[in-house]
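Below you will find one chain, with nothing else, as structure tokens; this is the form predicted on its own, and questions on how it binds or moves follow later.
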Amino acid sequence: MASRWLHISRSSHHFRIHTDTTDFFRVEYGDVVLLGGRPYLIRHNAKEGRFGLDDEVKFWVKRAIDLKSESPKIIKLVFYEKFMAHIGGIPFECYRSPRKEARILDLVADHKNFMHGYSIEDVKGNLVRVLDFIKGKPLSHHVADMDMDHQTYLYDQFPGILKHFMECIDAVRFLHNHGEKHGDIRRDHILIDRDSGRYRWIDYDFNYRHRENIFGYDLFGLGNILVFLVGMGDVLLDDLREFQTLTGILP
């Protein structure tokens, strides 16, 4: 089953088959993860793509091949971490929650603006998420790769982008109406599906301890993306002040 995916020099490869994924560092290239009797051939570790962490390896997230369907998958193994985020001096305790992501995968199984997949426990009870691979690039890369001035972008490209982004906002409202939050809304967490052209949210495993408003952090993230889309990139307050000083015009 795996031979077509292996280099000819590895035709005599001896597989390590994992049914326990607790130590995700041990799950490496060429291994097979067996989940519910279904084998997945591990290819590569995924990498982080933003916030100064470009190409940092995420050892708990594996690119894989479903050896029964021969389709590409993303396998997210259980990894717990906590960190503090700050917005306007207000701290948020953030953490990873595999069970939250599993709940949302069930909730959005038929929704066109989300990634799809399923969750399953390994033999040790680790809640692994098996995700359908989305062919396409992040919205952030799509905008950054446009070779045109801002005015041309604003009139020719932005209206179509905004229409798709409004669908993404409505998709987040769908989560909120069901008492769930995305938890990690970023412009690189929207993929443009090459097959359908749809904008699709990915990565739901972050959660945070909310205060007055359970959805506050999500709403901040949506506003941050909107600023990026309107500005055709990051526009900071210092940039606006400099523009005003040079031109005397409020942007």
Partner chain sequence: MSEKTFNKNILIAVDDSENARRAVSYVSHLFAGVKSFKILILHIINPPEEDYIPTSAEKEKWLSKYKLKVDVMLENYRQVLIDGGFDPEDISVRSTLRYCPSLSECILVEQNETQFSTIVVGRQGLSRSEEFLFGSISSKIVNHARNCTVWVVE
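Everything numeric here is computed off the predicted structure, so don't read it as measured data. Positions refer to the first chain, counted from 1.
What comes next is about the form predicted together with its partner chain, which does not appear here.
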Practice item. Identify, from the list K135, R173, K124, R99, the residue with a heavy atom within 4.5 Å of its partner chain in the predicted complex. Key: R99
Check your understanding: Of the options R26, K68, R194, R209, which one has a non-hydrogen atom that comes within 4.5 Å of its partner chain in the predicted complex?
Key -> R209
Check your understanding: Is there a non-hydrogen atom of R103 within 4.5 angstroms of a non-hydrogen atom of its partner chain in the predicted complex?
Key -> yes
Review point. Does the 4.5 Å heavy atom contact test between I214 and its partner chain in the predicted complex come out positive?
Key: yes
Review point. Heavy atom to heavy atom, is K82 within 4.5 Å of its partner chain in the predicted complex?
Key: yes
Practice item. Answer yes if any heavy atom of I90 is within 4.5 Å of a heavy atom of its partner chain in the predicted complex; otherwise answer no. Key: yes
Exercise for review: Would you check whether its partner chain, in the predicted complex, lies within 4.5 angstroms of a non-hydrogen atom from each of F114, H142 and F165?
Suggested key: no
Review point. Of these, 116-124, 68-76, 147-155, 90-98, which stretch puts a heavy atom within 4.5 angstroms of its partner chain in the predicted complex?
Key: 90-98
Revision key, fill the gap. Contacts from 219-236 to its partner chain in the predicted complex (any heavy atom within 4.5 Å), listed N to C, are F220
